[in-house]
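Quick setup: one chain, the form predicted on its own, written in structure tokens, and binding and motion questions come after.
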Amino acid sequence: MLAVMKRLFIASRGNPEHLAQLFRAELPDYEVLTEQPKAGDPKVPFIVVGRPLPGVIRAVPGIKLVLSLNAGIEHLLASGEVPEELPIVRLVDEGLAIGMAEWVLAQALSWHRNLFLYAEQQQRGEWTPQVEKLANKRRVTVLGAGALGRPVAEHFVRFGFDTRVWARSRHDIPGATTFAGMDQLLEAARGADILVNLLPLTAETRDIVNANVISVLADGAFFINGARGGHVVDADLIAALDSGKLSGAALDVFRIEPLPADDPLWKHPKIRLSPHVAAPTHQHMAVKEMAANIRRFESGEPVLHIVDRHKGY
């Protein structure tokens, strides 16, 4: 019996067997492990991780590439679990982008066409038509122009919204006005009716949605957060909702998850919550992308979506 030369370890806190089956179909010449390799075992060059327990990654012999099951990788950098010399690949797949665009557009259009308000009126038996605007009378600012932010901005352009996009560096998005760098952040947000956050969480972007940014939005603006809870100063958000500066917010991510039962965000009448489901990982699509990157690595081709540790994404 020939020895298996290629090995892949799936480090998942849940049930990794479904993932393992998908990887075996994509990489039939690999031994796919779901149990922690031990010291003295044959080397395992590839590890697929979500949010691994402390010590898991460092204990695996012979790792050459760490592949994340998540688009956000700040937890891997913050924990120090991944040695500096090991490259990390963040997950970028079509399923994430499609899911995020669907969720953001659903929230934005529901607010734009007063559907949230009409649902409240229905509970009161109230028939009060509102002034309805067309998309070209609304300004949207999207924070982030990467794998998630860019397609969301492109959808807003297609719907006819006055679309602005802000990112760390300059991007060209047809139909949108783009801004770059912290010195242009307030200019990008100024007058926005809808503010969408899809940034990676880094030292530079932590707490970026604060009282200063909120103050330049249009009165009665709507905020959508599908990125990370750490981007938002919760106290500033609640104050803006209470004062009427913001008319509402749709939040899918939080500083602590699951959201603690006593968190005031739960019961705020102007906040709509979802449990981090805006862009769930579709495993069959994610596995195809990760398997393709493993093949690139083995053939000496450039691996896509390698994390820049200095940028934090």
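Computed from a prediction, not measured in an experiment: that's the story for all the values here. Just count from 1 along the sequence shown to find any residue number.
We do not show the form predicted in complex with another copy of the chain, though everything after this point is about it.
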| item | value |
| --- | --- |
| Segment assignment from 216-224, 107-115, 75-83, 162-170: heavy atom within 4.5 Å of another copy of the chain in the predicted complex | 107-115 |
| Sole residue of Pro87, Gly191, Gly99, Gly229 within 4.5 Å of another copy of the chain in the predicted complex, by heavy atom | Gly99 |
| Contact assignment for another copy of the chain in the predicted complex, among Lys245, Arg51, Lys288, His276, heavy atom within 4.5 Å | His276 |
| Trp103, heavy atom within 4.5 angstroms of another copy of the chain in the predicted complex | yes |
| is_contact(Pro129, another copy of the chain) in the predicted complex, heavy atom dist at most 4.5 Å | yes |
| Exercise: Pro280 in contact with another copy of the chain in the predicted complex, heavy atom 4.5 Å | yes |
| Residue contact check: Leu134 to another copy of the chain in the predicted complex, 4.5 Å heavy atom | yes |
